[in-house]
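Here we start with a single chain on its own, the form predicted alone, put down as structure tokens.
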Amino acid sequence: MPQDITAAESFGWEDALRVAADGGRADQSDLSGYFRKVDTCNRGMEKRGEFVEFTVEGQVVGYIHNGFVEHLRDFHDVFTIASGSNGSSTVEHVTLHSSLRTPDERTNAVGNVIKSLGDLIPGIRNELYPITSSYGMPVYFSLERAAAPYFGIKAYGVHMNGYVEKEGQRFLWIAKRSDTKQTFPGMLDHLVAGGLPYGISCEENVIKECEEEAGIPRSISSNATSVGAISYMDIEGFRYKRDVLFCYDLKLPADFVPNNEDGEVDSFRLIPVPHAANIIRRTHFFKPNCNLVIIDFLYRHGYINPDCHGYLKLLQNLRRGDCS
């Protein structure tokens, strides 16, 4: 069984393409490398007991670590921290103060708390995520994207596999993230991906991200096809990521060449699908959640088939998180 090649502080396309083209190292039916990538996105489940429910209007919208709750105690006019009965100091749940009745009031109040917490929540993006009990339900308020994991908020995103068919072979356009990106700098990524902010549909978000990240005009990106979703739950310290990614496929013209418009991508390469699969199986070069979306692509396009040992278990694990 091959071991993962661990990504160093930086790697280049030559490193990735060398691994990709090495076809003789393992049986393609060996799914163990894919399982490891799923596990990477679903760490820390044994620590769920360290988190308490975050509720709004009686509905659970997230989970907050007991340690992080202590940083919220001073904000009495924003958060109500309910402790156990009989004088117990154990926190049962956290909710918003009853005086905060409208989404705007809640958004502003919680936003001010986030600013006050300073470096406790790094990577502020000034991008708001809608807070709901599940997808499509009423929005209780909006929260800074970087803060979502600290409140265990379920966050949604769109990830698009852009592919080309030439001479009977299928290729994926792969992006390499800018070395100056706040998160996962220099790692491999999808052609197009992004979080789903407040006030925009998935379809419009895909079209917007296509233009910004790859220079794909609406005349082409409007043909992107919704193909399902993957989900995962990841706990690290105070952070509880509960992500659902809506997956899209876009078949691109054979002569199309992407061009990044927002400075978040260093470069692109067109890679045969089996080569992209090799990179996933053998390295940590891809941004972790991109692995899951490409594995889903491999299923849907027949590169992983029922004769592979662990086929159904891996398929199920692509939606290990709360996909709602």
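All residue numbers are counted from 1 along the displayed sequence. Every value quoted in this text rests on a predicted model; they were computed, and no experiment measured them.
Omitted from view is the form predicted together with a further copy of the same chain, to which the following refers.
Picking from 123-131, 221-229, 104-112, 234-242 the stretch near a further copy of the same chain in the predicted bound form, with a 4.5 Å limit on heavy atoms, gives 221-229. With respect to a further copy of the same chain in the predicted bound form, the three residues 35, 39 and 198 uniformly fall beyond 4.5 angstroms at the level of their nearest heavy atom. Put simply, residue 156 is close to a further copy of the same chain in the predicted bound form: some heavy atom of it is within 4.5 Å. In the predicted bound form, at least one heavy atom of residue 246 sits within 4.5 Å of a further copy of the same chain. In the predicted bound form, residue 315 approaches a further copy of the same chain with a heavy atom inside 4.5 Å.
Contact check for residue 172: no non-hydrogen atom falls within 4.5 Å of a further copy of the same chain in the predicted bound form. The listed set 68, 63, 299, 256 contains one residue whose heavy atoms approach a further copy of the same chain in the predicted bound form to within 4.5 Å, identified as 299. Applying a 4.5 Å heavy atom cutoff to a further copy of the same chain in the predicted bound form picks out no residue from 61-80.
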